[in-house]
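As structure tokens, one chain now follows by itself in the form predicted on its own.
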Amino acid sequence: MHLPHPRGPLTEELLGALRSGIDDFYAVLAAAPTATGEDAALALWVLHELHYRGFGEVPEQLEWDPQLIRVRRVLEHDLENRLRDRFTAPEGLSFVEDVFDWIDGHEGPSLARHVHRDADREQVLELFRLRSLYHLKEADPTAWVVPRLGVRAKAALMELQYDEYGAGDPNRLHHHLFAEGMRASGLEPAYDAYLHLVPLEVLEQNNALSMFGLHRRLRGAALGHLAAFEATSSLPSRRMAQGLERLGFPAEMVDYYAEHVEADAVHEQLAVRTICAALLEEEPELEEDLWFGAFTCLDLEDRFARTMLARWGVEEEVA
């Protein structure tokens, strides 16, 4: 994978320094506090990516460079503060008992409903290009949470992750299924092929997931995000599969969404009733962080959906 093109002063400094092979990033650190928008979000995505697959131009030892970690901390602090500023913890609710009703009461725009009924082929292809930044990574950020949990929560999370990673069959690994669907749909399945196209909302969705996974103190937010994601995946996946069939997309891409219809109906119960319940038995003080993670999942998806529907000139489709 190669470094992307910059989107502002911070990424100009960061990407230039990474390409040059120097080990002095003080100019990057100086630029970080004033970075905003796509410039800050892309810089944070690049720094997170050093912990995933890295970049061909960047020496592997820079993954833990102290100056780059300081830059990452500045950007993560800003992102976390903005996410928390939008969040208000629900009062008088139990996460395990009430989160499904809380999610059902959430009203937000629905891209899956639009694909199901009205989207044209080019709109769906654009959606795939932008979603690929997540779908070609999928469960990887959550894998970092595993060693931070107690026995019961850890075992349950591994059960869920085992499904995500194809139950031992590399051909059924979920992000491989999406790559095959992209290839069959005439798209480039490389991990970073469409990074230059993704808007702020997509970068922030991915950055929030990586931040939650990388920080032990945010393990509750990571699992709350997982619970909300699984609880809002099965029906939209069914709508997506039916919409793709309506538009004549290849079976490989339909299969990716069909895989999630039944799997995520099981995963939502596993995520809430077992994983999150076990976490709260051991660490009840993390309940608010579960709500924060769940809210962040829904909030960032709403922002992305509104961006796409506005781009297409479509009235918001409420889920």
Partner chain sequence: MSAAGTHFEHPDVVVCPGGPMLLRGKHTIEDADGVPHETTRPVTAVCRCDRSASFPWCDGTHRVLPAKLRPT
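Source: prediction; values computed, not measured. Residue numbers count along the first chain shown, from 1.
There is another form of this protein, the form predicted in complex with the partner chain, and it is not shown here; the text below is about that form.
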item: In the model of the complex, Asp163 touching the partner chain (heavy atom, 4.5 Å); value: yes
item: Close approach of Arg131 to the partner chain in the model of the complex, 4.5 Å, heavy atom; value: no
item: Touches the partner chain in the model of the complex: Asp289 (any heavy atom, 4.5 Å); value: no
item: In the model of the complex, Arg273 touching the partner chain (heavy atom, 4.5 Å); value: yes
item: Candidate stretches 204 to 212, 69 to 77, 191 to 199, 152 to 160, one within 4.5 Å of the partner chain in the model of the complex by heavy atom; value: 152 to 160
item: Non-hydrogen atom within 4.5 angstroms of the partner chain in the model of the complex for each of Phe100, Val261 and Val266; value: yes
item: Interface residue in the model of the complex among Gln123, Thr142, Ser234, Ser185, criterion: non-hydrogen atom within 4.5 angstroms of the partner chain; value: Ser234
